[in-house]
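Form predicted on its own, single chain, as structure tokens, below.
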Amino acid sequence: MNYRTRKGLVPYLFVAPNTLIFSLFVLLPMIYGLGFSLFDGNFTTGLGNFVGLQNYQELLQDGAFLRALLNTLWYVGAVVVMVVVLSLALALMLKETTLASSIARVGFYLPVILSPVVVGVAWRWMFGTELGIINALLTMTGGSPIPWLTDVTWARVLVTLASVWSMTGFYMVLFIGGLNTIPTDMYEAAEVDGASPAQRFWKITVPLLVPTTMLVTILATINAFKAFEIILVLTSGGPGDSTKLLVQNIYQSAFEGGNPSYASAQSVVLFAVLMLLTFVQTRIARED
């Protein structure tokens, strides 16, 4: 092997470990799951009999799946919008590096490093109907307890806020990085020309933050679609099925219903929805 050939192989050797891990733990399970969705197997018999698209046809008539899909769509929409707006607002307030802003950044980032289970337990402890600290404070001040976790509307609001609280710090850091790439002389020139703070935000900050905003939107969308632990701990998908999302429905189909093939079909649908949304978002980003 000559020098040129060895030099050409070096980049592939560097990416080989990551490619191997990705293939073993992501690509192969994904292909196996896609194939599994075409059979009627279970955990004891393996693949079982080939049923083609029967599992997908059953999904169209499965009320629990359709409710979980609808819940997932409103949850993702609410979480992504709130995460983008709040993380951008925090980044604008904390982009200057001072002692106070550094302490505030750490405070807002702390929920990111907490386990989702811990986040769910903490919010359940605060908003429990009978033993929650918020209702205790309301009672002490003469108010009436609120059924935070047993009322459909309040339960949906709480799972959304808990998820946003656990994610916003991470995306705030991304926005701060994006803001620091905008040349300050552009703001100075606009200020000299008499542009107001609002005009500088909409004419300079927003257009130059489009790549960062699209990255945050795509990552937040993927993370919101994967939401499971916080909601399971906080409401267990209730009251009723009002906060049960698609991932929890997949889990219950596979491990409580003993039907992994049907759960695999739901996972494939979730994957297709994610790919479609990511494709649309990237197309919009390219057009901008």
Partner chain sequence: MTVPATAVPTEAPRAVLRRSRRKKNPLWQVLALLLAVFFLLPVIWVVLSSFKSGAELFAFPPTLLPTEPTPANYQNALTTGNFGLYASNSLFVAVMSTLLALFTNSLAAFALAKYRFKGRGFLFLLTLATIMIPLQVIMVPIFLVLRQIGLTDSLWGIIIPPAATPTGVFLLRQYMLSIPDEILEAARVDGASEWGIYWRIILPLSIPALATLAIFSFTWRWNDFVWPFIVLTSENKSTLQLALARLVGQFGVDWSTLLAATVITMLPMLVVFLLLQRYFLSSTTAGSVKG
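Rigid core (definition): largest C-alpha set, two forms, superposition within 1.5 Å. Computed from a predicted structure; not experimentally measured. Positions refer to the first chain, counted from 1.
Just so you know, the form predicted in complex with its partner chain exists too; it's not on screen, but the next bit is about it.
Engineer: Does the trio 57, 280 and 284 actually contact its partner chain in the predicted complex, every residue with a heavy atom within 4.5 Å?
Structural biologist: So, no: the whole triplet misses its partner chain.
Engineer: In the predicted complex, which of the listed residues (73, 214, 208, 93) lies with a heavy atom within 4.5 Å of its partner chain?
Structural biologist: Checked against the cut-off, the match is 93.
Engineer: Spell out, yes or no, whether the shortest heavy atom distance between residue 29 and its partner chain in the predicted complex is within 4.5 Å.
Structural biologist: So residue 29 counts as contacting its partner chain.
Engineer: Is there a heavy atom of residue 142 no more than 4.5 Å from a heavy atom of its partner chain in the predicted complex?
Structural biologist: Judged by the heavy-atom cut-off of 4.5 Å, residue 142 is well away from its partner chain in the predicted complex.
Engineer: Give a yes/no on whether residue 197 approaches its partner chain to within 4.5 Å in the predicted complex, heavy atoms considered.
Structural biologist: Flag for residue 197 set to no.
Engineer: Do residue 118 and its partner chain share at least one heavy atom pair within 4.5 Å in the predicted complex?
Structural biologist: Residue 118: yes, in contact with its partner chain in the predicted complex.
Engineer: For the stretch 89-106, I need every residue with any heavy atom inside 4.5 Å of its partner chain in the predicted complex, listed N to C.
Structural biologist: Heavy-atom contacts within 4.5 Å come from 93, 94, 96, 98, 100, 101, 103, 104, 105, 106.
Engineer: Rigid core fitted, is the C-alpha displacement of residue 21 between the shown form and the other one 2 Å or more?
Structural biologist: It does, since the residue 21 C-alpha is displaced 2 Å or more between the shown form and the other one after the core fit.
Engineer: My question is whether residue 140 is one of the residues whose C-alpha shifts by 2 Å or more between the shown form and the other one, given a fit on the rigid core.
Structural biologist: Yes; residue 140 is a residue whose C-alpha shifts (by 2 Å or more) between the shown form and the other one when the cores are overlaid.
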